[in-house]
Structure formats: structure tokens, C-alpha cells
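Read the single chain below, which is given as C-alpha cells and is the form predicted alone.
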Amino acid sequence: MEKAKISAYQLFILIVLFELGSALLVPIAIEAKQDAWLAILIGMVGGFCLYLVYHGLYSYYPDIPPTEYSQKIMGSFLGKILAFIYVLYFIYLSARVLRDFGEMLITSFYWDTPLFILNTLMALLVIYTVRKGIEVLARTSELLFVLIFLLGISVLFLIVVSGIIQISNLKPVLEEGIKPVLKTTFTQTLYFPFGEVIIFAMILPYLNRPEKVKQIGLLAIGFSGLILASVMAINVSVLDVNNITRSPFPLLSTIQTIEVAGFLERLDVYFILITVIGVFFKMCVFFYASVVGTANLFNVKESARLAFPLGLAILILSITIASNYSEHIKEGLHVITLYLHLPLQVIIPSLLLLIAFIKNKKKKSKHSKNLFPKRKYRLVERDKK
């Protein structure tokens, strides 16, 4: 790991930008129809629980990443296999985010531009940033977060002023009961985007104030969850459920309906700036974790040397991961949830925390037993005297 430190505020911003990232692109939780916002909020609560699991592991091993403490918990052989699986998982998710970016630009703006060209440009930018290190990435996030915040406030203001919000589209609440909402939560929103915060287990050791890890993480997840729920509620109220189902990028469709005073319209640039910045930081975090994890696993002293080969692998994977956008979305919402997200975000971290707890308890018990005979011997000697 590089010798670098980031502040609690920088960690907060990175988590927020990461959580928003590609989640702003797709119609997240639309299976719950007009209750999509509620499915996101329940998923956020589940995200709190998952983050507490990751924080529990961090509290036992605050100075090393998961690729290293998995070996301490599971043993060298099994730990290295598990660490390798997680590195592949991070690489795969990084490729998926890159594909999201390319498909968004091709579908909405650059119809005749090859996907490979757009993905290559983003990949080169991400590789350059990651080579500079986590501190540069964190400082960059501070600057661009202000821009995203201002853009978001201005978009919200224009949507309200244009009078396109129809609250009736959000009714009736829980029309089909709570079951569809819970199903959407446990098949989608719990894992995407909130469960993906597991990636920050690779970054937490860089925080300069370890006592803030728990508080900052929960605040960031809560803040991003409220934003995502609000955005989805606005999308539904503006477009209605049927139009969102047919729209690959509902936020873009919502922004395109803005019309103020007959001349202020077609504000697609807002959508481009917000989503490109979000996707950039999400991919950077995934890619940085992939590079650092690989370097840690294979004992590479200079992790920056791995940026170009891993970046090339992610670029190729992003092109070959699916034959078209529909297949890409279907794979993301249904296939990887069961076979990747559930075991790697929920089951394995929970088992690791349980094993770490048992091992730590045994160490404390053994330590107290070693001290007790000495104390007893001293009492016997004192009685003899």
C-alpha cells in the first residue's frame, strides 16, 4: 500500500460520488413501480448493516486491506484464493461501470461513435488518475463535488419552476403491498448501489482519523441514499412508471422535459456533467482497489506499474462483457446479484467477521489465562510469608 492519507471529509465525498455514480444512470428499483423510492430507502438501511460488517472487520485489522487480512483470518492458502476472487470481482465491476458510461453516451448523444473509442478515452483518464495515487483522487473529488452539488441544486430548481412534477404519479403508495418493495430491495437495491461500498474496505486504512470511519461511512450512505430516493421519486412524478420502464436513462428523460419561459430547454449538458463525473469516480475507486489489491496479493512494490495492464484488461472486458445494452442490464440486475453480489457482499464478509470475532475472543481468553497463574502464584507466596 502507498504511504498516503485522506481526511474524513474526503472519504465522505468519495463514498457519496461512488454511490451516486452509475446509479443515477439506470432506472434503479423500477420493479417496485411508484414505490421505487421506498425500495431505495430500505436498501439504504440494509446498506447501513453491511457497512457495519465491513467496519467490524476494519476494527480488527485497521492498518491492512481485505486482501491481506483475509489471509490472517482464513490462513495463507485459502486467504489468497479469497483475496484473488475479490480482486477479480473489483475488476469485473470496474468493467461494468465503464460499459455503463460508453452505452450512455452512444445511446443518447454519440450514435455513430464506436464504443471502444469512448471507453478508451475514459479508461486512459482513470488510469492516469489512479497512477497519481489516492490522495490526488481524493483532492480531485473535493473540487468536483462542489460542481455536482451546484448542478444538482440548479436542476432541482428548474424542475420545480417548470411545473412538470405530478405528485399523483407517486400514488397510490404500496398499491400491491410491501412484498414487491421488499423483493426489489433484496434482489437489487441492497447490493446495487449500497452493497458495493465493500470496495471502501480497501481504502479505509488510508484514513487519517480511524475513529471517524464508522460515523463518516454511515453518513455518506445515508446522504447518497436520500439523494437517490429523491431523484427516483422526481423521475416517477415527472415521467410516470410506464415511461420510466421504456427509458434506458430516466434522469436524462426528466431533464429533457424541462422548459422554462419557452426558451430554457434541452439541458442535456447537466445530465452529461453529473453522470460523467459520478461514473468517473466510481470507476476510479473500483480500479484503484483492483490495482492495490493485485499489488498486495502478488507483492508488487510499485502498484502504479500495474495500472496500464489492468486498465487494458478492464477496457477489453467492458467491450466483451455483453453483446448489447439490454443484455448488459439484464446480466447486471439478475445474474450477478445471485452469483456475485450476495456471496461477496453479504455472506463471505459476515463469515469473516464471525471468524475474526472468535479468534480475537480466543486470544483474549488465552492472554487472561496466562496472566491468572502468575497472579495466583504471587498470592500463594504472599500467604506463605
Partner chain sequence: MNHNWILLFLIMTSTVFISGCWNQKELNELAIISAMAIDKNEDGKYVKTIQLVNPVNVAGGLQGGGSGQSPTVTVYTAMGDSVLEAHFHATSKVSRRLYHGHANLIVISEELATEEGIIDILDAFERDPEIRMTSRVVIAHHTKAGDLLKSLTAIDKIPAEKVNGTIHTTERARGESMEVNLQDVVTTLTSAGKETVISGFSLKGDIQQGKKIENIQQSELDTTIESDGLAIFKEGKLVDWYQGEMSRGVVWILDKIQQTDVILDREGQENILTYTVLRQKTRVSADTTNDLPVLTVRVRAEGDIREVRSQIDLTDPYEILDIEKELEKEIKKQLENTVIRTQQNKSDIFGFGEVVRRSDPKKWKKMKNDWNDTYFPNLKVNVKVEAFIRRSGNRTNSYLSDMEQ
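None of the values given here were measured: they were computed from a predicted structure. Numbering follows the first chain given and starts at 1.
The same protein also has a form predicted in complex with the partner chain, omitted here; what follows describes it.
With the partner omitted from this view, the residue of Q215, S230, T113, T120 that lies near the partner chain in the predicted complex is T113 [heavy atom within 4.5 Å]. Although the partner is absent from the chain shown here, T107, E176 and R266 each have a heavy atom within 4.5 Å of the partner chain in the predicted complex. Using a 4.5 angstroms threshold between heavy atoms, R305 stays clear of the partner chain in the predicted complex.
When the partner chain is considered in the predicted complex, L137 lies well away from it, no heavy atom lying within 4.5 Å. Contact annotation for L315: none of its heavy atoms lies within 4.5 Å of the partner chain in the predicted complex. Interface residue remark: T337 is not counted as part of the site for the partner chain in the predicted complex, having no heavy atom within 4.5 Å. Contact annotation: the partner chain lies within 4.5 Å of heavy atoms from the stretch 243-251 in the predicted complex, the single such stretch among 203-211, 243-251, 94-102, 297-305. Of the residues in 161-193, those that come within 4.5 Å of the partner chain in the predicted complex through at least one heavy atom are, in sequence order, S168, N169, K171, P172, E175, E176.
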